[in-house]
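Next comes just one chain, in C-alpha coordinates: the form predicted on its own.
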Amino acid sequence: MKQMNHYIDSVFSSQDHILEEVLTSIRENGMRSISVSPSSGKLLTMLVSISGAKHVLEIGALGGYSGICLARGFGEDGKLTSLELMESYAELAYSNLSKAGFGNQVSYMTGPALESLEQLVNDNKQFDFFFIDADKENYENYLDYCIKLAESGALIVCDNVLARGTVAGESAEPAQHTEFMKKFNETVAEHPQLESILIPIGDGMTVSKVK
(Lines give C-alpha, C1' and ligand atoms only; values in the text may rest on other atoms or scores of the structure.)
Protein backbone atom coordinates (compact mmCIF):
# COMPACT_ATOMS: atom_id res chain seq x y z
CA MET A 1 0.00 0.00 0.00
CA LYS A 2 2.85 2.39 0.86
CA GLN A 3 4.67 1.54 -2.37
CA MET A 4 1.53 2.12 -4.42
CA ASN A 5 0.90 5.48 -2.78
CA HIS A 6 4.52 6.52 -3.25
CA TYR A 7 4.22 5.65 -6.94
CA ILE A 8 0.96 7.62 -7.35
CA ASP A 9 2.32 10.64 -5.49
CA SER A 10 5.57 10.61 -7.48
CA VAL A 11 3.82 10.44 -10.86
CA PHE A 12 0.70 12.57 -10.31
CA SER A 13 1.73 15.14 -7.69
CA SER A 14 4.18 17.91 -8.54
CA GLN A 15 6.11 19.95 -5.99
CA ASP A 16 3.78 22.34 -4.17
CA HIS A 17 5.57 24.94 -2.05
CA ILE A 18 2.40 26.19 -0.35
CA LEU A 19 1.40 22.73 0.85
CA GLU A 20 4.98 21.91 1.82
CA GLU A 21 5.01 25.02 4.04
CA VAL A 22 1.79 23.80 5.67
CA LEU A 23 3.41 20.46 6.51
CA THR A 24 6.43 22.29 7.92
CA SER A 25 4.20 24.50 10.08
CA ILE A 26 2.40 21.42 11.42
CA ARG A 27 5.71 19.83 12.45
CA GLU A 28 7.01 23.08 13.97
CA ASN A 29 3.87 23.37 16.09
CA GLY A 30 4.32 19.88 17.48
CA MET A 31 1.21 18.53 15.75
CA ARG A 32 0.90 15.01 14.37
CA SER A 33 1.80 14.60 10.69
CA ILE A 34 -1.56 13.16 9.68
CA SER A 35 -2.55 15.41 6.77
CA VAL A 36 -3.99 13.76 3.66
CA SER A 37 -1.48 12.48 1.12
CA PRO A 38 -0.57 14.75 -1.84
CA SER A 39 -2.64 12.62 -4.22
CA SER A 40 -5.59 12.53 -1.80
CA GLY A 41 -5.41 16.32 -1.63
CA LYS A 42 -5.38 16.56 -5.40
CA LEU A 43 -8.40 14.27 -5.53
CA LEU A 44 -10.27 16.58 -3.11
CA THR A 45 -9.51 19.57 -5.34
CA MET A 46 -10.72 17.70 -8.42
CA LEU A 47 -13.90 16.42 -6.75
CA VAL A 48 -14.89 19.89 -5.56
CA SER A 49 -14.13 21.32 -9.00
CA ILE A 50 -15.90 18.59 -10.98
CA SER A 51 -18.98 18.70 -8.74
CA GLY A 52 -19.19 22.49 -8.91
CA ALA A 53 -19.51 22.67 -5.12
CA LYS A 54 -19.49 26.15 -3.57
CA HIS A 55 -20.48 25.48 0.06
CA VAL A 56 -17.99 23.08 1.61
CA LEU A 57 -17.98 21.71 5.16
CA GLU A 58 -14.83 20.17 6.58
CA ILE A 59 -14.78 18.19 9.82
CA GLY A 60 -11.21 18.24 11.14
CA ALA A 61 -8.96 21.14 10.11
CA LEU A 62 -5.57 20.16 11.59
CA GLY A 63 -3.14 22.65 9.98
CA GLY A 64 -5.15 23.53 6.89
CA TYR A 65 -3.64 21.17 4.30
CA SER A 66 -6.93 19.61 3.24
CA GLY A 67 -8.65 22.99 3.61
CA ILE A 68 -6.38 24.48 0.97
CA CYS A 69 -6.98 21.50 -1.32
CA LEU A 70 -10.76 21.89 -0.93
CA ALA A 71 -10.66 25.65 -1.47
CA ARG A 72 -8.57 25.29 -4.62
CA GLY A 73 -11.50 23.40 -6.12
CA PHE A 74 -14.16 26.08 -5.67
CA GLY A 75 -12.35 29.17 -6.94
CA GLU A 76 -13.22 32.75 -5.98
CA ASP A 77 -16.90 32.32 -5.13
CA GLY A 78 -16.79 29.29 -2.83
CA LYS A 79 -16.94 29.15 0.97
CA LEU A 80 -15.34 26.70 3.37
CA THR A 81 -16.67 26.10 6.87
CA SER A 82 -14.21 24.09 8.93
CA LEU A 83 -14.86 22.42 12.28
CA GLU A 84 -11.90 21.91 14.60
CA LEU A 85 -11.76 20.82 18.22
CA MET A 86 -8.56 22.72 19.07
CA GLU A 87 -8.47 26.52 18.95
CA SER A 88 -4.72 26.53 18.29
CA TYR A 89 -5.15 24.16 15.33
CA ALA A 90 -7.89 26.34 13.85
CA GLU A 91 -5.67 29.42 14.20
CA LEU A 92 -2.80 27.70 12.38
CA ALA A 93 -5.16 26.43 9.68
CA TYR A 94 -6.60 29.92 9.18
CA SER A 95 -3.10 31.36 8.94
CA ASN A 96 -2.15 28.81 6.29
CA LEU A 97 -5.40 29.27 4.34
CA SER A 98 -4.79 33.04 4.40
CA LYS A 99 -1.25 32.62 3.06
CA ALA A 100 -2.72 30.49 0.26
CA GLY A 101 -5.14 33.30 -0.64
CA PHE A 102 -8.37 31.93 0.87
CA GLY A 103 -8.54 33.92 4.12
CA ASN A 104 -11.76 35.66 3.12
CA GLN A 105 -13.47 32.42 2.09
CA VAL A 106 -13.01 30.28 5.18
CA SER A 107 -14.55 30.32 8.65
CA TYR A 108 -13.78 28.11 11.64
CA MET A 109 -16.02 26.72 14.36
CA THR A 110 -14.03 25.39 17.33
CA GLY A 111 -15.02 22.92 20.01
CA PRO A 112 -16.57 19.44 19.75
CA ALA A 113 -17.68 18.90 16.14
CA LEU A 114 -20.98 17.28 17.13
CA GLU A 115 -21.98 20.48 18.93
CA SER A 116 -20.99 22.60 15.93
CA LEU A 117 -22.93 20.30 13.61
CA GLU A 118 -26.02 20.56 15.80
CA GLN A 119 -25.71 24.34 15.63
CA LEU A 120 -25.46 24.24 11.83
CA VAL A 121 -28.59 22.07 11.66
CA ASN A 122 -30.45 24.49 13.95
CA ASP A 123 -29.34 27.38 11.73
CA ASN A 124 -30.74 25.55 8.68
CA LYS A 125 -27.37 25.59 6.91
CA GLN A 126 -26.85 23.51 3.79
CA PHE A 127 -23.71 22.36 2.02
CA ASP A 128 -22.96 20.67 -1.30
CA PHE A 129 -19.64 19.04 -0.33
CA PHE A 130 -18.38 17.47 2.91
CA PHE A 131 -14.98 16.17 3.97
CA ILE A 132 -14.70 14.10 7.14
CA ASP A 133 -11.22 13.59 8.60
CA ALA A 134 -11.49 13.62 12.39
CA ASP A 135 -11.92 11.21 15.33
CA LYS A 136 -12.82 7.88 13.78
CA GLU A 137 -15.21 6.67 16.49
CA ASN A 138 -17.60 9.49 15.56
CA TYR A 139 -17.56 8.95 11.78
CA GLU A 140 -21.07 7.49 11.72
CA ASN A 141 -22.40 10.39 13.80
CA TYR A 142 -20.68 12.86 11.50
CA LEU A 143 -22.11 11.08 8.47
CA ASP A 144 -25.64 11.34 9.88
CA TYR A 145 -25.24 15.08 10.40
CA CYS A 146 -23.75 15.59 6.94
CA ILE A 147 -26.78 13.92 5.38
CA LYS A 148 -29.05 16.26 7.37
CA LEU A 149 -27.05 19.26 6.14
CA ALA A 150 -26.71 18.07 2.53
CA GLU A 151 -28.28 19.55 -0.54
CA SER A 152 -29.57 16.96 -2.99
CA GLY A 153 -26.65 15.51 -4.94
CA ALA A 154 -24.04 16.65 -2.42
CA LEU A 155 -20.80 14.69 -2.08
CA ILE A 156 -19.50 13.32 1.23
CA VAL A 157 -15.84 12.26 1.28
CA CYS A 158 -14.32 10.42 4.26
CA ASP A 159 -10.61 9.80 4.83
CA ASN A 160 -8.68 6.94 6.49
CA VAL A 161 -11.33 4.34 5.71
CA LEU A 162 -8.74 1.64 4.96
CA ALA A 163 -7.08 2.05 8.39
CA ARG A 164 -3.64 1.45 6.84
CA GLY A 165 -4.97 -1.57 4.98
CA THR A 166 -6.07 -3.37 8.13
CA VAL A 167 -9.76 -3.41 7.15
CA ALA A 168 -8.76 -5.82 4.38
CA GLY A 169 -6.57 -7.90 6.67
CA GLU A 170 -3.31 -6.70 5.15
CA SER A 171 -1.69 -6.45 8.57
CA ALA A 172 -1.50 -8.92 11.41
CA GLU A 173 -1.90 -6.02 13.85
CA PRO A 174 -5.22 -4.17 13.51
CA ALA A 175 -5.05 -0.39 13.90
CA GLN A 176 -6.83 1.29 16.78
CA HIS A 177 -9.78 2.18 14.55
CA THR A 178 -9.88 -0.90 12.29
CA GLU A 179 -13.23 -2.16 13.59
CA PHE A 180 -14.75 1.35 13.50
CA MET A 181 -13.75 1.68 9.84
CA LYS A 182 -14.98 -1.78 8.87
CA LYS A 183 -18.39 -1.02 10.34
CA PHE A 184 -18.41 2.47 8.89
CA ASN A 185 -17.58 1.28 5.37
CA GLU A 186 -20.43 -1.22 5.51
CA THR A 187 -22.78 1.51 6.74
CA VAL A 188 -21.76 3.80 3.89
CA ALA A 189 -22.02 1.03 1.28
CA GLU A 190 -25.52 0.00 2.39
CA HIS A 191 -26.95 3.42 3.27
CA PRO A 192 -30.29 3.98 1.49
CA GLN A 193 -29.61 7.70 1.00
CA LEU A 194 -26.12 7.30 -0.46
CA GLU A 195 -24.45 5.99 -3.58
CA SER A 196 -20.87 5.23 -2.60
CA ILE A 197 -17.50 3.85 -3.59
CA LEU A 198 -14.19 3.40 -1.79
CA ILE A 199 -11.10 4.74 -3.58
CA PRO A 200 -7.82 3.16 -2.37
CA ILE A 201 -5.75 6.33 -2.48
CA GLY A 202 -3.77 7.56 0.52
CA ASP A 203 -5.31 5.75 3.48
CA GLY A 204 -8.51 5.17 1.54
CA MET A 205 -11.39 7.53 0.85
CA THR A 206 -15.09 6.80 0.52
CA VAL A 207 -16.91 9.08 -1.92
CA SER A 208 -20.67 9.20 -1.48
CA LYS A 209 -23.35 11.06 -3.41
CA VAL A 210 -26.47 11.99 -1.46
CA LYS A 211 -29.59 10.81 -3.28
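Quick note: we count residues from 1 along the sequence shown, nothing fancier. The shown structure was predicted, so the numbers you read here are calculated from the model rather than taken from an experiment.
The same protein has a further form, the form predicted in complex with a small molecule, not shown here; the description that follows concerns it.
Using a 4.5 angstroms heavy atom cutoff to the small molecule in the predicted bound form, all of 36, 61 and 85 count as contacting. In short, of 64-72, 161-169, 182-190, 146-154 it is 64-72 that has heavy atoms within 4.5 Å of the small molecule in the predicted bound form. Using a 4.5 Å cutoff between non-hydrogen atoms, residue 128 does not count as a contact of the small molecule in the predicted bound form. Residue contact check for residue 89: one or more of its heavy atoms lie within 4.5 Å of the small molecule in the predicted bound form. The closest non-hydrogen atom of residue 101 lies beyond 4.5 Å of the small molecule in the predicted bound form. In the predicted bound form, the small molecule sits beyond 4.5 Å of every heavy atom of residue 120.
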